[in-house]
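Here you get one chain, nothing else, as C-alpha cells; it is the form predicted alone.
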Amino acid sequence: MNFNITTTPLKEINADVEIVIVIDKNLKHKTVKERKLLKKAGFSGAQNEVCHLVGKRRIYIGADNLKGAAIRPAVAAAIRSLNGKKGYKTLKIATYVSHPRCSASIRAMVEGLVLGSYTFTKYKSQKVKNPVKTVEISLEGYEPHEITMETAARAVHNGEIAASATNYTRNIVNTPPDDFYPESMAKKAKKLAKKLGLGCKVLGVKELEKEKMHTLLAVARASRHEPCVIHLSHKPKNPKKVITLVGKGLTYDSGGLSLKPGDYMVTMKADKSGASAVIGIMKAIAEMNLPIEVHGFLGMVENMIGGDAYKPDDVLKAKNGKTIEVRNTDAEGRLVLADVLCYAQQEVKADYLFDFATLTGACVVGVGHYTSGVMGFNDEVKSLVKKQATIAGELVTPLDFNDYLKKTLKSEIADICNISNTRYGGAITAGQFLSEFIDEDHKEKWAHIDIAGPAFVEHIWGENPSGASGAGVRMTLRLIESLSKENTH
C-alpha cells in the first residue's frame, strides 16, 4: 500500500473510493454529502459502523471522536469492508486531527488502513486480499488545522512502519507449528538482521548448556525441534537509553506431561506471541533508526511429550542458581523466561527491561481477551507502559504484586515452585515467579507484560483481525519513541 500526501482538495482527486469519517454521529457536517441515502440505509454513525454507498464511491464510517483510539479502528473497519472485492485500487481520505497541530490522528489513520487491510490466506485455496494499492491523503481537513506537509509525512511514515511491523508479527504468530519452530525463527531473525543491519546471535543447544540454561533445555527436550535463544541488537551511536526486550517463544505448547485438554491445545501456535512481538519491535526500531540501543532476546522452544519429557516432581536449576520444583509442566513459559531473563541481564545492563509473554490463562480470566496485564516493582515503569499503550491503541492494566500471593509459590524441597498452591491470582503469581530471576540492578527497571488475552482472539475486534493481533508491538514502539525524545544530561 502506497501513501501519497497532497494539498489537492478531495473533490479534485480521482480515486475509486473515498472514506468519509462521521465524527460523533454528526451527519450534518459538511463532509457528509449523502445524508438522505445514509438515513434510508439506517446509518447512524456509531463507532465502526460502515455504510458503503457503491454508486457514490464513498464509504462512510462512524467514529466517536477525533482521537487516534477512535479513528484507528474506524478506518480499519472501513478498509476491511473492501477485502476480497475488486475495482478499488485507489482510495482517498481527508485529514482528521484532534488538535490543530497534532498529527497523532494521521498516524492512527495510516495504522488503521494498514492493519485493517491485513489478511492471512497462506493456507487458503482462494486468496482473499485487500485491493487497495494507493491511498491519497488530502491535507484538506475535517476541521481547520496547521499540519504541514513535512509533519504529515513523518506521521504517515511512522504509522506505516508501526503497522507493517504489527502485521509482520501477526504472520509469524498465525503460522502453524509444523511450519514454524525454533529454527524457523532463527532463520527469520538472521534474514531480518542482514536486511536492516541488526546484530544477531543465535545460541544453540551447546551454547545453552554452556550458559547453564537448564530450565529452558528441560522444557525443550521432548521435542524433535532443538531450542535456541536469539539475541537481536540495534546499536546506534551515542544512544540516549538502553532497553532490553525478552519474549516467550513457545512455537507450540502441548502442556507437556501435564497435557492440555484437546480443545485447549487449539491456538497454541500463538504461544510464540511474545517472541514474535519482540522481533516485530526490533524490525520497526531499525526501520525508524531510533537513537535508543535496543536488545531483543527470544527464547524459542517447543513443549511436547515423550519418553524424554521433563516431569512434575522434577527439580530444575535455573541459570541464576535457583532451584525450581516442577508441579505442572504446562507452566513452562515461565521456566523458559527465567533462563532468558537471566541471560539477557548478564549480557546487557539496561535502563529498562520488558518481557512479553502469553503467560497465563488467569490473566485472560481476570481482565478479558482484549487487555494485557503489566506487573513489576516500579509503579512509574508500569504507568509508562500503560500511557504509551493507550496512545498506541492497546489496552493495558496494572496488576499489583503482594506478599500474600508470593507465599503460595513456596516449595518444601526447592527454592520455589513453578506454580502456586492456589487457583486464584495466577497471573500475579506467575509475574512474581519471574521476579525471582530479576537481579537487583534491574528490579526497578523491569516490567512483565502478560499478553495472553489480546495476542490471539478468534474474532475481529477494533483494528484487529480474527487470529493474531500483534499485541505489544505498537505500544512498545511508542514507548521507545517517547524515550528517544527525552533530553539527556
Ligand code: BES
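If you're wondering where the values come from, they're calculated on a predicted model, not measured in any experiment. Sequential numbering from 1, following the sequence displayed.
Separately, the form predicted in complex with the ligand exists; it is not shown, and the next lines address it.
> Of 349, 260, 129, 122, which residue is found within 4.5 angstroms of the ligand in the model of the complex when only non-hydrogen atoms are counted?
Only one option qualifies, and that one is 260.
> Could you work out which of 204, 368, 361, 199 is the residue within 4.5 angstroms of the ligand in the model of the complex, going by heavy atoms?
Of 204, 368, 361, 199, the residue with a heavy atom within 4.5 Å of the ligand in the model of the complex is 361.
> Please check if residue 325 has a heavy atom lying within 4.5 Å of any heavy atom of the ligand in the model of the complex.
No, residue 325 sits far enough from the ligand in the model of the complex that none of its heavy atoms falls within 4.5 Å.
> Quick one: does residue 248 come within 4.5 Å of the ligand in the model of the complex, counting heavy atoms only?
Because a heavy atom of residue 248 falls inside 4.5 Å of the ligand in the model of the complex, the answer is yes.
> Give a yes/no on whether residue 279 approaches the ligand to within 4.5 Å in the model of the complex, heavy atoms considered.
Looking in the model of the complex, residue contacts with the ligand do not include residue 279, since no heavy atom lies within 4.5 Å.
> Does any heavy atom of residue 271 come within 4.5 Å of a heavy atom of the ligand in the model of the complex?
Output for residue 271 is yes: heavy atoms within 4.5 Å of the ligand.
> Could you tell me which of 178-186, 293-301, 327-335, 341-349 sits within 4.5 Å of the ligand in the model of the complex, going by non-hydrogen atoms?
Heavy atoms within 4.5 Å of the ligand in the model of the complex occur in 327-335.
> For 35-57: residues with a non-hydrogen atom within 4.5 angstroms of the ligand in the model of the complex?
None of them.
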